[in-house]
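Just one chain is shown here, as structure tokens, and it is the form predicted alone.
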């Protein structure tokens, strides 16, 4: 079963609510300005997993399910996620995402920046509709942390001395923080206790870390037909990720080390050289060690989840852990 079919099966019980989130998202994302509206509708047409919305709703179902509150929160989190992707594409100079042209490729960086800002602005009204100060603080803290993570990524780009600790700090801020906020927000709005809210936050942060590790592994082990971007794309953009860090640690003084340094410096490097490094990393122990780390964080997510009594919704959250570490795109 492929990834899309797996998620369709897992999300069957919340499909109607996911569709409602999509509907409200499109309504709230519309602009009266034709060019902004066109760019917005194009961004929304890009295929996505809707993982964050599902995590928000499923976390809310573990206690008292209040969809009328979870609806604006889910839309707001998806808007933040889309805004960060649009801004990432500008920073990376990316022209495609999952095989589709990026907003900046079609309308230029200026429109793309403003579209991301437009989404951030739209979230304010959505969060205000929820009328819960805990959500206000969660949302503002999350957006600030994601921005910090993006800055960390920019500062650590092309740095061969990035440590494992530095890598984890970066992905905890940039990726895992938002996934954790979805789970925590769902818990807050479901009238969960403080302890239960903390457990779901721990589930989300560990799931998010595992998610990003696997993303970084796939960049070395899969190709454009499966992940929608060429293998080694992170390396092309000067991003040092866990598989490369571990590969360099295992063989610190071979010729590949100097070759990676040259590629990261931005002073040159052919496609053949990039493919050589990608194949070297893919063959080495860095991939296995990265998988081991992902499995360890997945186990921590499961441990946090199992503080909740068995239920069909807990089962879906449990299966999502396996999905995250076993997916191919």
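Given the structure is predicted, the values throughout are model-derived calculations rather than measurements. Numbering follows the first chain given and starts at 1.
Heads up, the form predicted in complex with a further copy of the same chain isn't pictured, but that's what we're talking about next.
Interface residue remark: residue 190 is not counted as part of the site for a further copy of the same chain in the predicted complex, having no heavy atom within 4.5 Å. By the criterion of a heavy atom within 4.5 Å, residue 122 is counted among the residues contacting a further copy of the same chain in the predicted complex. Although the partner is absent here, residue 246 lies well away from a further copy of the same chain in the predicted complex, with no heavy atom inside 4.5 Å.
In the predicted complex, a further copy of the same chain sits within 4.5 Å of a heavy atom belonging to residue 87. Partner contacts here mean any heavy atom within 4.5 Å of a further copy of the same chain in the predicted complex, and among 231-239, 208-216, 108-116, 68-76 they occur only in 108-116. Contact here is defined as any heavy atom lying within 4.5 Å of a further copy of the same chain in the predicted complex, and by that definition not a single one of 221, 304 and 315 is a contact residue. 36 is the sole member of 277, 298, 263, 36 with a non-hydrogen atom within 4.5 Å of a further copy of the same chain in the predicted complex. Put simply, of 162, 177, 82, 152 only one has a heavy atom within 4.5 Å of a further copy of the same chain in the predicted complex, and it is 152. Along 133-155, residues 133, 136, 137, 140, 143, 144, 147, 148, 150, 151, 152, 154, 155 each place a heavy atom within 4.5 Å of a further copy of the same chain in the predicted complex.
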